[in-house]
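In structure tokens, the next block holds one chain alone, the form predicted alone.
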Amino acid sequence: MSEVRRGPYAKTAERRQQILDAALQVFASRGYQAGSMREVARVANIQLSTLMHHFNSKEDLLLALLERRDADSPGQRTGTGDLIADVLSQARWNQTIPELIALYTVLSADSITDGHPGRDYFTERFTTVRRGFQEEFEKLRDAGRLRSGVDPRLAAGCITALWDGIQLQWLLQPDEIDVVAYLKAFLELITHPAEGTVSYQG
């Protein structure tokens, strides 16, 4: 059987992934502002001109990396339709991809600086996440599972802030911080268990 030869598209896609892998290392460890295209090329073991052939600017590289981050970190839903179970499932999954979580953490902090190309991405993402949580908490309220006095909008902001903040602490102290346990404790404070449910396992 003759060897199947890869076409130029496959080679280009492979090279782009190689560059994005290197960019992940550089931006996660040094941040967007301090990381350079030259350093990305060095980590990828390619010439700077080769990198520039695939990504015209550092901004293009960052946006492609954010797109891949979203694709590589899909929602880990349980299929039960239960918000709390879904949140805990996603949190467990996130602990298996520390490099992506580190990248997200560093770049989201970087994005508050003037002119950062990821600012719109993170602003839109936080808005979407808060809105999604608010809608889910409203469903829990309507089902009688949200504790009295809990505002769905404020609860959405709180869990978004808690999740990002506790993941940052986990990246710094992975042996001491249990992200799932913190999220579980918060959700149990503001919700009633589903009928017939004793407790969610951490």
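Position 1 is the first residue in the sequence shown; the rest follow in order. Bear in mind the structure is a predicted one, so any value in this text is a computation, not a measurement.
Note that the form predicted together with a further copy of the same chain isn't included here; everything after this is about it.
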Report task. Mind telling me which stretch in 135 to 143, 60 to 68, 40 to 48, 23 to 31 gets its heavy atoms within 4.5 Å of a further copy of the same chain in the predicted complex? Result -> 23 to 31
Requested in this report: Would you please decide whether Leu162 lies within 4.5 angstroms of a further copy of the same chain in the predicted complex, comparing each non-hydrogen atom pair?
Outcome: yes
Requested in this report: Using a 4.5 Å heavy atom cut-off, state whether Ile97 contacts a further copy of the same chain in the predicted complex.
Outcome: no
Query raised in the report: Hey, in the predicted complex, is Met52 touching a further copy of the same chain, heavy atoms inside 4.5 Å?
Result: no
Requested in this report: Indicate whether a further copy of the same chain has at least one heavy atom within 4.5 Å of a heavy atom of Asn56 in the predicted complex.
Outcome: no
Query raised in the report: If we check a further copy of the same chain in the predicted complex, which of the residues in 154 to 184 reach within 4.5 angstroms of it by a non-hydrogen atom?
Result: Leu154, Gly157, Cys158, Thr160, Ala161, Leu162, Gly165, Ile166, Leu168, Gln169, Leu171, Leu172, Gln173, Glu176, Ile177, Ala181, Tyr182
